[in-house]
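To begin, one chain is listed below as structure tokens, in the form predicted alone.
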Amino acid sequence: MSTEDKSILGMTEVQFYKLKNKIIWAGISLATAVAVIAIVTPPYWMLNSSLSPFSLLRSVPPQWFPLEYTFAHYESVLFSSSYPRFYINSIIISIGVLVIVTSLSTLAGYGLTRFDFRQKRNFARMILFGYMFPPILLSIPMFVIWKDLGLHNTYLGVMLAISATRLPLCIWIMWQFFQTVPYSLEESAQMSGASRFRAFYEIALPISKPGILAVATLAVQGGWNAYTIPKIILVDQELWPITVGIQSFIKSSTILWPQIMAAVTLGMIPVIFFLYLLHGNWETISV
């Protein structure tokens, strides 16, 4: 008897497996569609709310595709509030966190990989333990220490505080990446006359580029989205980033939702631009 002659639920075996594959692909397609809708809907609703007249925001049922748009909320945010100052502060803080976290985690990861000392592996694993503490738990002790050092209410203080919460994971990532770099390549360079730093700079660093890009992405994400630490350490409103400053659109009698939506939409632009700069390296990062 041939394979096609076997009957499964009234179908031949070939027909049964074709139907099974169609059901699996239909399930995957449905799950993908639900995931895409869940991801795209919040940004779309945010953009839609920032462009809609205030009178249409509370209309029932909600208008997903309103016919009337306005840029008045963006004009209010950019020219009648302190939002531009908050915007610049967020960029300064994110760049500072990027430089601190990327440089320190790269050097620390290399040192943990190449230099031997007692309990090195346990020490490297314990570093990751520091990532488990939530920012709210670290913010108060940091504020006390930073105040004693004169770093509270400063750009440098908030950069160091945010970097301290990001460094454990980033050091652990770089430690893992440098373990994939063959030490024999650096030894060959040193036998040819290169110094240890030159072997690190010209051999180990380019090979570990995927790890550095991943760490840079985490650093920018941490600096741009930080709320708890800047809220506690930065007292002066002139130093607030977007995440803290956006609360100025919450008044005692009302919440300016259109302005908040416009502010958040504008706040996404630098992050999208940063991801665009990394666009050519996504394949490298995924490796």
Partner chain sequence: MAIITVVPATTMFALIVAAPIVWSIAASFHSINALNPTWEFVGIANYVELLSSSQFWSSLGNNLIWATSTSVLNTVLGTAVALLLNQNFKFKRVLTPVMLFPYLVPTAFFGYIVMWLTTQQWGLLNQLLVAFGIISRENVIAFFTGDPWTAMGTLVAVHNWKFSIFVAILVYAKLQGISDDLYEAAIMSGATKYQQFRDITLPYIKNVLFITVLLRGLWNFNMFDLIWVATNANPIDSLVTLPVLAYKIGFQFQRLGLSNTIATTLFIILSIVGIIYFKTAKPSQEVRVE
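Positions refer to the first chain, counted from 1. Here, rigid core means the biggest group of C-alpha atoms that superpose within 1.5 Å across both forms. This one's a predicted model, so the numbers in the text were calculated from it and none came from an experiment.
The form predicted together with the partner chain is left out here; the points below concern that form.
Site residues Leu185, Ala194 and Ile207 are none of them in contact with the partner chain in the model of the complex, judged by any heavy atom within 4.5 Å. Though the partner is left out of this view, Lys120 does reach within 4.5 Å of the partner chain in the model of the complex, counting heavy atoms only.
In the model of the complex, Val271 approaches the partner chain with a heavy atom inside 4.5 Å. In the model of the complex, at least one heavy atom of Thr228 sits within 4.5 Å of a heavy atom of the partner chain. Pro141 belongs to the set of residues with a heavy atom inside 4.5 Å of the partner chain in the model of the complex.
Residues Ile242, Thr243, Val244, Ile246, Gln247, Ile250, Ile255, Trp257, Ile260, Met261, Val264, Gly267, Met268, Val271, Ile272, Phe274, Leu275 of 238 to 275 are found to place at least one heavy atom within 4.5 Å of the partner chain in the model of the complex. Superposition of the core reveals a Cα shift of less than 2 Å for Val235 between this form and the one not shown.
A movement of the C-alpha atom of Gln247 falling short of 2 angstroms is seen between this form and the one not shown when the two forms are aligned on their rigid core.
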